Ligand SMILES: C[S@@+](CC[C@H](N)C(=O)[O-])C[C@H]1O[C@@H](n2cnc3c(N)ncnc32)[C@H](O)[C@@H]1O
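Before any questions on binding or motion, here is one chain by itself as structure tokens, the form predicted on its own.
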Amino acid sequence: MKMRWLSDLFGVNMPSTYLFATTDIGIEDLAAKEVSSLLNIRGTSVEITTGRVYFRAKESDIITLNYWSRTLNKIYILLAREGIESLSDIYRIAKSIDYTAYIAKNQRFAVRAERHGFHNFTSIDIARVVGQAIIDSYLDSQGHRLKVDLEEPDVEIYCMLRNQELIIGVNTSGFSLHKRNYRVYNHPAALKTTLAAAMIMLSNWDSKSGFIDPMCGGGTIVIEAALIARNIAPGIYRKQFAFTKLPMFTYVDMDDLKSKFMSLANTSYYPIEGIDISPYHLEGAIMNAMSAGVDDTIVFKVGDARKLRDYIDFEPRVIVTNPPYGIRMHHRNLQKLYHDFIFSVKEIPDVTIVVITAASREMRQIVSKADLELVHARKVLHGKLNSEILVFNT
């Protein structure tokens, strides 16, 4: 939901600006849908590119997105997006930008650059050239030479060159938003929170019907489900956002803002269960749920996903899970696990199952063998693993 009362912090006529956000490759459309919903803008107003979405929004929307988005990694203020042919073009574009609204005289900055495609220069060269352009631009307009701090900058300028397109932006998030800061136990095969949220979105779960993750590991999926159901902003667990150091936000009372966001949460009952065969991992999941403040919303059980009927005492409508991919498991054992899990799920009527796996061929074969309806499939990048999210019905 859009926090309309944020306009009180900025006045009635809040300036608008162009923003872009990064997301996981493969869920860009879901990220665009979430942005449209949070900011109450038409979906067609959000442009989708590989791993990014672009849109126009008000300055206060920067706060909304950083606190409330579940599928975005970082939100940036877009300063430039142009075609280039050389490093001199990059310098010219970067120097033409007015940085006074984003960097105060007493602040230090850093440039983070990345490059994709074939060029006769490196990302290090891009960072060096843009850094010099920022110093020169500020010196020309303010008569002041900005200082650089590559380790702990007050303001981070991001540059990305993909083929011949240059993008320059101001990082308003800091470290990636997928790091919710509630995780105190790290499962060795933990799912990114952004992908967990995307899987829940794809399940079309209504928050009132039964929800199970039968291989819950460290609890990421059920915790994200609880946060969605209870209307808890995932950003409330973070201690710092990069936007708080931008001049335009220095007068915002962050403690008051956080309290208002927390007051929007509800305490209703939701049928959410996390099951795992490992008591050790389940204990870790409980610790994470306690850290997130939703341990009273989730029922955790030690159980076997291959024999679900032995462990559930209600009819779930949605099952969302991140099963083993076979990286540390023999191929034949993986196939048997998938087979037993799918045929266990088949015993539950009228349920939607969402899984993510890097062993999608094996999963597809068994889903087909079980004569279940595959209704959706999409390729995603989970870390460095080419994976697939599959949605099917019993």
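Please read these numbers as outputs of a predicted model, since none were measured by experiment. Note that residue numbering follows the sequence shown and begins at 1.
As for the form predicted in complex with the ligand, it is not shown, yet the points below apply to it.
The partner is not drawn, yet in the predicted bound form one stretch among 207-215, 127-135, 292-300, 242-250 has residues with heavy atoms inside 4.5 Å of the ligand: 207-215.
Proximity to the ligand in the predicted bound form holds for all of Ala189, Gly219 and Ile277, with the criterion being a heavy atom within 4.5 Å. Arg183 is the sole member of Lys95, Arg183, Arg230, His178 with a non-hydrogen atom lying within 4.5 angstroms of the ligand in the predicted bound form.
Pro323 is the sole member of Pro271, Pro323, Pro153, Gly235 with a non-hydrogen atom within 4.5 Å of the ligand in the predicted bound form. Within 4.5 Å of some heavy atom of the ligand in the predicted bound form lies at least one heavy atom of Ala305.
Heavy atoms of His281 reach within 4.5 Å of the ligand in the predicted bound form, making it an interface residue. Though the partner is left out of this view, Leu337 does reach within 4.5 Å of the ligand in the predicted bound form, counting heavy atoms only.
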